[in-house]
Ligand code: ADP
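The chain that follows stands alone, in the form predicted on its own, written as structure tokens.
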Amino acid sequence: MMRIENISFSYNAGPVISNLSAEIRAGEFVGIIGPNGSGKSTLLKLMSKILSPSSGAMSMGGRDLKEISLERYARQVAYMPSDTEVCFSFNVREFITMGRFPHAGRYAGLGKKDLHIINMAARNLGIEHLSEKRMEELSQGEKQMVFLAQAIIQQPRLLLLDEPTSHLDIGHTYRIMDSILKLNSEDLTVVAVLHDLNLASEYCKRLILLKDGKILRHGSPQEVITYQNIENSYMTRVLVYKNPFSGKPHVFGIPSSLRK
């Protein structure tokens, strides 16, 4: 679906992504993990066309991203940022409806198909009861669900998520991740930046571990989440054990007071 070839990107402070190559295959659920400052969010912004690489090439379906207009790209790719603050006082219905702009146009009216898609997304994510609430009245968990609804209402082929569970309690976290996994099972390709290594291990089919703007390791959770890889990238001592229910690796940090 997407091919990334030797891309680099720098902010004023210096390089963030360096000669990075990767491939996202249709139907995958890929997690991007790595320590703070490793380039995870920057890579996602490059994939979403918010940023452009300073060198290298990115393509989708064999076509260079530079050749795809933003409007056409928005019909194929949806991006959910980590910062889910809203500057204007929209209600939930108004806010999620904006997800249809790439298909209906900013000033065009919504047709029956658009309304059906909006209603189905709200129903499937369990946010119908929030329709008339103002965005500023929502809890963080409710707000994350609304942002996810707006993204999927675009009907993308590829969904890009930057820390979709940040600041959420365990209940909202698993509801969000379960919703994303269900969308992935319905042939939506998902790429998510995740700080929680155990969530990444449980939900993602493949992981990309970044360090200093480069891929340190990629593969299945079992291949990537080893104590050697985590200690090497995060610079801390950990234990890695199998989850007794799923068999997936889980990471346990070791406080400095217990290290020998």
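Numbers for residues come from their place in the sequence shown, where the first is 1. All figures in this text were calculated on a predicted structure; none of them were measured in a lab.
Below, we turn to the form predicted in complex with this ligand, even though it does not appear here.
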Check your understanding: Just to confirm, G37 within 4.5 Å of this ligand in the predicted complex by heavy atoms?
Key -> yes
Point to revise | Exercise: N198 in contact with this ligand in the predicted complex, heavy atom 4.5 Å | key: no
Review point. Could you tell me if Y11 has a non-hydrogen atom within 4.5 Å of this ligand in the predicted complex?
Key: yes
Review point. Do S233 and this ligand share at least one heavy atom pair within 4.5 Å in the predicted complex?
Key: no
Point to revise | Location of this ligand contact in the predicted complex, chosen stretch of 54-62, 219-227, 198-206, 28-36 [non-hydrogen atom, 4.5 Å] | key: 28-36
